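Presented below, as structure tokens, is a lone chain in the form predicted alone.
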Amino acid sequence: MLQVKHLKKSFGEDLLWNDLTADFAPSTISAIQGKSGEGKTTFLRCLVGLEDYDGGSISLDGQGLKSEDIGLVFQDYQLFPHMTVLENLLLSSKYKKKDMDLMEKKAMSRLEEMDLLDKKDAYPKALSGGQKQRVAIARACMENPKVLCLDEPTSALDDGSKESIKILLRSLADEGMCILIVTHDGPFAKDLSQKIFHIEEGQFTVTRP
């Protein structure tokens, strides 16, 4: 269980939230919505450690959240254009000096799961938006995170690609992942998620219990 308790965040003298509190269960998909400026992306960045928060706590199963426990898929994918698909997936493992033979087998398995095995030697510029999104998800899943966060995953996708992403995310949730999606896409959120959280005036409200 991912637990967020009384999370507080300010930018200078501007208070963003004063009491974000929510529980996110494993094997579930939760959407996070709200007006621009309410701090939806900032919330994801706080979860993954890219942004500091000013008060409150974030825990996973009663323990502090570790970097390997959580993956993030950025809105613009953040794929390295000079690297192949396979190289993008293996970069973090290489940096952390892991067993590269083992990690390459794992990367190939993830690509097969994402229906991208035939794209392993392609560069990002040769991929469609949906394919880039799946590569970004595969990369975020390389360390088998317990929590997977996605920032506006459908913003550049056509309807067909959206459907394939839905199928993929449901499959990952079935593996036991807790999935959090920041999205303005109301129909996508309604169709995919078990709970929809709104950030409003610095707090969470749940519109789908």
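All residue numbers are counted from 1 along the displayed sequence. Model, not experiment: these values are computed from the prediction.
The form predicted in complex with a small molecule exists for this protein as well; it is not shown, and the discussion that follows is about that form.
(request) Could you work out which of 164, 41, 144, 28 is the residue within 4.5 angstroms of the small molecule in the model of the complex, going by heavy atoms? (result) Answer to the contact question: 41.
(request) Answer with one of 176, 37, 160, 64: the residue that has a non-hydrogen atom within 4.5 Å of the small molecule in the model of the complex. (result) Contact check passes for 37.
(message) Taking any heavy atom pair closer than or equal to 4.5 Å as contact, tell me whether residue 22 reaches the small molecule in the model of the complex.
(response) Looking in the model of the complex, residue contacts with the small molecule do not include residue 22, since no heavy atom lies within 4.5 Å.
(message) Contact with the small molecule in the model of the complex for residue 16, defined as at least one heavy atom pair within 4.5 Å: yes or no?
(response) Within the cut-off, so yes.
(message) Tell me which stretch of 53-61, 28-36, 166-174, 136-144 has a heavy atom within 4.5 angstroms of the small molecule in the model of the complex.
(response) Of the options given, it is 28-36.
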